[in-house]
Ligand code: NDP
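Heads up, the chain below is alone and in the form predicted alone; it's given as structure tokens.
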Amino acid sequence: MPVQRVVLNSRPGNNGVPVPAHFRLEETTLAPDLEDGEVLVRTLCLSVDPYMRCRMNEDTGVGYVTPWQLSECVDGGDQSCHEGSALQKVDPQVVDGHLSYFLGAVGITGLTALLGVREKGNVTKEANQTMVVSGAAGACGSVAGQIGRLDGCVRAVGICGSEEKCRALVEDCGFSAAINYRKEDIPAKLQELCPDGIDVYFDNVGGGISDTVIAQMNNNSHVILCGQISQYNKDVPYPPPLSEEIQETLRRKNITRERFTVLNYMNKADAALCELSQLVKSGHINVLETVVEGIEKMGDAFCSMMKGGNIGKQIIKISE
């Protein structure tokens, strides 16, 4: 059976920026004969995500994902042949027929947003809390801000990289306001939009933006350390080290900043996915997606996502 697959053509290196040429599309043949208990699946859609950048290195730097091997198929948990017992059947009604939502808002991305806010954010209703989300127009950030508002934050302010993203956050996702970090003065805008300070920070980007947010956080506030995409092309440990000034701010203000890994909370996944499904179907959570057609676009889509070219989840739909 003829099939197409994307393989890792070369590594960008620990300090390199990924480009589409690091991936290669191959035509190959899949043997139709299956081992006992195996099933053959057809891929309908794929997602690309920031964590995949570390898989392009020889050492991922974390223990829970392995590096991609050169000239081997790149994967995100999707394979052509599976042990039938390892598969999970999904019901399209759970996502109103939007199957790609299983890769995003009603999948591991949504779990990361919801459980990150619930486990590390300490959001309390009627506590007049303000949440700030960096990388807010991405797949996880756009859901996290909506969860924050639903759970009781009186303000959710997103930081993103374009006017189009700012509009999507406010008009489609119900954020109180959004800041375009490419054009606006972030410290000044945070002071304007967060007059009572910042109580919860959902951090997807790290670097200078996060330093700026932390500097304006309240005493006894909470950082949800979800991702550090601004640092993924750099040869630094994860999570990247903070400056002495920011470390002192965390100590002086008693700000919690603990790394959040959703895989540590999978015992809560079933209930959380059920809740996410209900929130999406009821319209309480709006799902943002950027969709491209064709497996040959995987490298372009991944590199675009790493530069902030997506709004919401970056999806690749596979042509039949």
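What you see is a predicted model; the values in this text were computed from it and never measured. Position 1 is the first residue in the sequence shown; the rest follow in order.
Just so it is clear, the following notes concern the form predicted together with the named molecule, a form of the same protein that is not shown.
Residue contact check for Gly107: none of its heavy atoms lie within 4.5 Å of the named molecule in the predicted complex. Remark: Ala301 does not count among the residues lining the named molecule in the predicted complex, judged by a heavy atom distance of 4.5 Å or less. Within this chain, Val280 is remote from the site of the named molecule in the predicted complex, having no heavy atom within 4.5 Å.
In the predicted complex, the named molecule lies farther than 4.5 Å from every heavy atom of Gln146.
Stretch-level contact check against the named molecule in the predicted complex with heavy atoms at 4.5 Å: of 94-102, 117-125, 198-206, 243-251, the positive one is 198-206.
Shown without its partner, the chain has Cys226, Gly227, Gln228, Ile229, Ser230, Tyr232 in segment 214-243 as residues with a non-hydrogen atom within 4.5 angstroms of the named molecule in the predicted complex.
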